[in-house]
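Below you will find one chain, with nothing else, as structure tokens; this is the form predicted alone, and questions on how it binds or moves follow later.
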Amino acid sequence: MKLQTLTAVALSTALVSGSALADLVIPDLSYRTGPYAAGGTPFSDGFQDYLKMLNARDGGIGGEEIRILECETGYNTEKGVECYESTKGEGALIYQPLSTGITYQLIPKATADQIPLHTMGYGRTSASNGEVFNWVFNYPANYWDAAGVIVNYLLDENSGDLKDKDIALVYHNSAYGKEPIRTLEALAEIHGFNFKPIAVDHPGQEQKSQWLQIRRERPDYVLMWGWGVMNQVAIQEAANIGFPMENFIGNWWSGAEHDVTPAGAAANGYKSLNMNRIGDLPVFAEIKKHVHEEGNASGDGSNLGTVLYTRGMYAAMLAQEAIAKAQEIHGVADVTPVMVRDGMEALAISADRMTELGMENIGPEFSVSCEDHGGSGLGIVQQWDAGEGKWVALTDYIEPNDDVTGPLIDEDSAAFAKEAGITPGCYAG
């Protein structure tokens, strides 16, 4: 394994096979340290292990090997930008920032550099408008989709009527946590529920005042847009005040094993969204055989099959499919970032293809177009079974509220286009 070091950001660039040269460069802006490491680590493990498996089993993608560039951001926006600047010159084909704050800073940079961003289920929601954000993709779903999915689930739980219900949102006081507020306000007006956002400052270790407020006001439901240690603390505080866990619902970044296990039995019944299914997928055996058993796991191997490991692997699969589509469109294996952008915009993920990849039903079927970079927007609701120590899917995929979010996306993306001097339209090269 060849190793290079860029001292500006202590970046380790490692070839993921024994070859002296790999042509498909995929950065991993990871965070394995700090208060968000519990979420960042399993995602990166799954992301990298899948790419390593492709190298070991298939020789990469289309005969071209993959080189992973891992750069530690600590979930810090400034460090994330430094990682981007220090890796883009290596031939980076696609970035997965795994941070809304970093994403907001990278959108103008990546657009100018003509390198695509994939902000899977996070980032700037209005980037789903591909005619304004030519270089940003947030398929298969975004934050405003998530808000709609939760409200539709609650409508179903309440015979279609949320009038006069009190719904609180405990949110990370950052660009990430604030993303769903506008959508939830619009949905509150439509369905007649009372909505109250409650901010939690970074990193989220102190929440007693917020949960005392919830104890006083006794909302019918509490939603959560949390990440890292904030989730663990919130679930424990909810248990401390006796809030019914079945009425506490997190988004898909607030529903992993490490979020609930610290509270033990008290977390039983907590619910969250998921943009992808989890289970014993055949692809895990391939990763074990070609990566873990060869001593090349990205971590210690213990995260295999967990919620965020699976999501990281899913993200890597979507990158693989976009690169393969780019190779098909342009008739070359050694593709460029511009070509990968074309592959992402022509992406179509079918049930048959997911099964072929050993990931049957891991996510919904969806396709991407010039106009729509956002995918299906579907999500499931899952619930933590503390006795069994696992998440259980309660629903099939639930539709979002496109009739509500569509106009909001149009409005927000139009404002961005005006500010940035962008003339909306399909990318024409």
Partner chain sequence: MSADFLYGIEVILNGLMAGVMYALVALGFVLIFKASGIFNFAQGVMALFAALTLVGIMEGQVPFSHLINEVFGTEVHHFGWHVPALLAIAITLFVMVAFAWAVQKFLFKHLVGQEPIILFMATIGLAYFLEGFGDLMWGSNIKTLNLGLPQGGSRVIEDMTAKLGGDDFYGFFIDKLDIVATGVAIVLVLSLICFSQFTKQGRAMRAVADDHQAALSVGISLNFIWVLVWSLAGLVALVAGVMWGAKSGVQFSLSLIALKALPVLMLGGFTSIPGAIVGGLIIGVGEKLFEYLIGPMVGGATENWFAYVLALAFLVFRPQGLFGEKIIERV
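Positions refer to the first chain, counted from 1. On a predicted model such as this, the values are computed, not experimentally measured, just so you know.
Another form, the form predicted together with its partner chain, is not on view; read the next lines as being about it.
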{"item": "Any non-hydrogen atom of residue 114 within 4.5 angstroms of its partner chain in the predicted bound form", "value": "no"}
{"item": "Contact test in the predicted bound form: residue 364 vs its partner chain, heavy atoms, 4.5 Å", "value": "no"}
{"item": "Its partner chain contact in the predicted bound form: residue 56, any heavy atom under 4.5 Å", "value": "no"}
{"item": "Distance check, residue 220 to its partner chain in the predicted bound form, heavy atom within 4.5 Å", "value": "no"}
{"item": "Option from 155-163, 324-332, 350-358, 293-301 whose residues, in the predicted bound form, bring a heavy atom within 4.5 Å of its partner chain", "value": "293-301"}
{"item": "Site check 185, 407 and 414: each within 4.5 Å of its partner chain in the predicted bound form by heavy atom", "value": "no"}
{"item": "Single option in 282, 269, 279, 262 placed near its partner chain in the predicted bound form, where near means a heavy atom within 4.5 Å", "value": "262"}
{"item": "Among the candidates 273, 316, 233, 344, the residue which, in the predicted bound form, approaches its partner chain to within 4.5 Å (heavy atoms)", "value": "233"}
{"item": "Residues within 4.5 Å of its partner chain in the predicted bound form, restricted to 209-223 and counted by heavy atom", "value": "209, 210, 212, 215, 216, 218"}
